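Heads up, the chain below is alone and in the form predicted alone; it's given as structure tokens.
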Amino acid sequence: MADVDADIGVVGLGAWGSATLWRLAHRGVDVLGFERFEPGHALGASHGGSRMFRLSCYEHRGLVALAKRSLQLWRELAAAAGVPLLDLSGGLLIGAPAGRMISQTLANARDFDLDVERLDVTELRRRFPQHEGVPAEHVGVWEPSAGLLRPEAAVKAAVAVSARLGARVCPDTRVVRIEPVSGAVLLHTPTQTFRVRRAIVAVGAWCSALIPRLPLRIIRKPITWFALQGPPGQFSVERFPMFKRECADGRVLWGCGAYDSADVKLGLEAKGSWVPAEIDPDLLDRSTSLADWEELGRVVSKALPGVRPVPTRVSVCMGTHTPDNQFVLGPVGGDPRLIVATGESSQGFKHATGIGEFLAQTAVGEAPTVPLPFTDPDRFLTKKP
């Protein structure tokens, strides 16, 4: 076989790519990591100070085992890096008992022996009085093993530990083209071409520029923080933990208490999937305006009266969604040389370490610790008869 610069190249060192780099380096693989910016940057989907972690994973039954494994690996990474990455302060879901969020959470808890507590509306209001106007027919599910991750610190930790284990990291290096050739893959940058035996592409919203066959949709997502109207202790993350709350009109309000700042972080999901116009990630409008938070402010004023309805700051994040809102992980078109990791669909950060392990195992030919058949990229590429 022709000489190569590395056995495996990981393109993109955000949440998934940095975790993949770590799991490959942990195995002693000769690996190169490419990041077009600096690891831990705020231009993709891996920033914002906090990300939710839950084991119950109502989004898909197959994600529960992945979350359990990810939790083990998050703890391992934090210990290896010597920095705190995970705060398991608990989490709360609020919604209609027959709705997907509540019903599937309780089903997963039963089927996978998860520790959760169902709260009727009286108990919910007593324990979490910050939440106003919860309909009488709604219930809560308290998950004590849920919590928050520190995204920027996590990415930096994974890259740093990988480098200590022998991975070679190329920051500020953009891969502009990927070219499979006989027995290898060429990774073209503006100044140099690298030859690797296999490539793992984990560039998030930029994936379509490198692998155009996948049906991905890029979504601009404002991240918004609000100050408090009353005593700050009521909205500390310990007393006002991460939550997702189904509103009467089907939209979902989400957020967490004050965490690493005096403000609470809040957002709003639309019923179903929120789908703005498709955008080019390089042309993303990162300025913010009233339109980015006005509707959220109206919801906050009614649902959380202890929070000022005008934000103190707004940032912009990008999400990459698939038609079925499930991840895309694995070889493209059955070619083992080219492995893709994209389509985080606003639920991917908590699973990053487990996904990194899955991708590393796929690349080196190991049986996966957690099989993920529902993430196969070819579900979108195979034409139905």
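Fair warning: this is a prediction, and the values are worked out from it, not measured in the lab. Sequential numbering from 1, following the sequence displayed.
There is also a form predicted together with a small molecule; it is not shown, and the following applies to it.
> May I ask you to choose, among Val332, Val64, Met318, Leu32, the residue with a heavy atom within 4.5 Å of the small molecule in the model of the complex?
Looking at Val332, Val64, Met318, Leu32 one by one, just Met318 meets the 4.5 Å heavy-atom criterion.
> Exactly one of Arg150, His131, Lys221, Arg197 has a non-hydrogen atom within 4.5 Å of the small molecule in the model of the complex; which residue is it?
Result of the distance check: Lys221.
> Does Ala202 reach the small molecule in the model of the complex, with heavy atoms at most 4.5 Å apart?
Flag for Ala202 set to yes.
> Please check if Trp206 has a heavy atom lying within 4.5 Å of any heavy atom of the small molecule in the model of the complex.
Yes, Trp206 lies within 4.5 Å of the small molecule in the model of the complex.
> Would Val11 show up as a contact with the small molecule in the model of the complex if we use heavy atoms at 4.5 Å?
Within the cut-off, so yes.
> Any of the heavy atoms of Ala15 lying within 4.5 Å of the small molecule in the model of the complex?
Yes, Ala15 sits close enough to the small molecule in the model of the complex that at least one of its heavy atoms falls within 4.5 Å.
> Suppose contact means a heavy atom within 4.5 Å; in the model of the complex, does that hold for all of Arg23, His60 and Gln361 with the small molecule?
No, none of the three is in contact.
> So which stretch, 64 to 72, 24 to 32, 332 to 340, 349 to 357, is the one near the small molecule in the model of the complex (non-hydrogen atoms, 4.5 Å)?
The contacting stretch here is 349 to 357.
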